[in-house]
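Heads up, the chain below is alone and in the form predicted alone; it's given as structure tokens.
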């Protein structure tokens, strides 16, 4: 394990140094992510200023869900983005080289693309989450403060699992399918709002098939002290983030199936 950590840090160092070769470009990209996501939340705040609430949810309560989602997704984009660009490896045959190395292919693909520029979205998500928790009037104990990073970790694992599954499809389709983005990027858009505002079939999809609710809506309800809005036992809300970890582990098993069925393009 220590060897893998050192190797990953080596990969990360190479990736970060390459991105910092053009520091002005890196700064503009990171700032762009910060500004775009900042305008996104500003538009949300304007709507709440105009209408007051979203059903029974206040701006601070929605901001908690928004912040958890965007911090988790920023981490997944930064450290699992290699799977999103994996189709190019299949097309040009460079994935064949990874198969010759005595390392997990999933490890190599994940470490091949570490995007530091996602710090813009990360910063904005942390700022919104911190503001909501500090000024929302929630009664937060030690357990609640521990639940925040747990929900973020679960969300990062779940979004990473979605990137893995997107990459797996390339073993058969060569090109990634845009329909997958309706779950990844569409999931980000959907879960920055309370899941209870959607139709039952939509809630079931993002709870039992792609368990985004388990890393956002359910722990968020526990964090804000309103388990009745989640419609689930309170103990379930505290354990829900582990669904993200299980989803990632299951996705990696599917990845192994894809690797076994891989046929080189011959490029």
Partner chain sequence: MRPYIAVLSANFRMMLQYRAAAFAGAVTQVFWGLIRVMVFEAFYRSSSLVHPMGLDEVVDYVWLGQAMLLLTTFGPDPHIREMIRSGNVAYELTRPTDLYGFWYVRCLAARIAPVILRAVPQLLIAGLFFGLRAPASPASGAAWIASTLAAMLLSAAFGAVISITLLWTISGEGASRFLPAVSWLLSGNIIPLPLFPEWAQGVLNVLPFRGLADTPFRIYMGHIGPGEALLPILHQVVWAAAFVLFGRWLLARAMRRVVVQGG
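Positions refer to the first chain, counted from 1. Fair warning: this is a prediction, and the values are worked out from it, not measured in the lab.
One more form of this protein should be noted, the form predicted together with the partner chain, which is absent from this view; the next part is about it.
**Q** Is it the case that 48, 193 and 206 all touch the partner chain in the predicted complex, with a non-hydrogen atom of each within 4.5 angstroms?
**A** Verified in the predicted complex; spot residues all in contact, yes.
**Q** Which single stretch, out of 198-206, 221-229, 234-242, 64-72, brings residue heavy atoms within 4.5 Å of the partner chain in the predicted complex?
**A** Of the options, only 198-206 has residues within 4.5 Å of the partner.
**Q** Classify residue 29 as contacting or not contacting the partner chain in the predicted complex by the rule of any non-hydrogen atom within 4.5 angstroms, answering yes or no.
**A** Contact check for residue 29: yes, within 4.5 Å of the partner chain in the predicted complex.
**Q** Though only this chain appears here, would residue 54 touch the partner chain in the predicted complex if you measure heavy atom gaps against 4.5 Å?
**A** Yes, residue 54 sits close enough to the partner chain in the predicted complex that at least one of its heavy atoms falls within 4.5 Å.
**Q** Flag residue 186 as yes or no: does it have a non-hydrogen atom within 4.5 angstroms of any non-hydrogen atom of the partner chain in the predicted complex?
**A** Contact check for residue 186: yes, within 4.5 Å of the partner chain in the predicted complex.
**Q** Can any non-hydrogen atom of residue 135 be found within 4.5 angstroms of the partner chain in the predicted complex?
**A** No, no contact at 4.5 Å.
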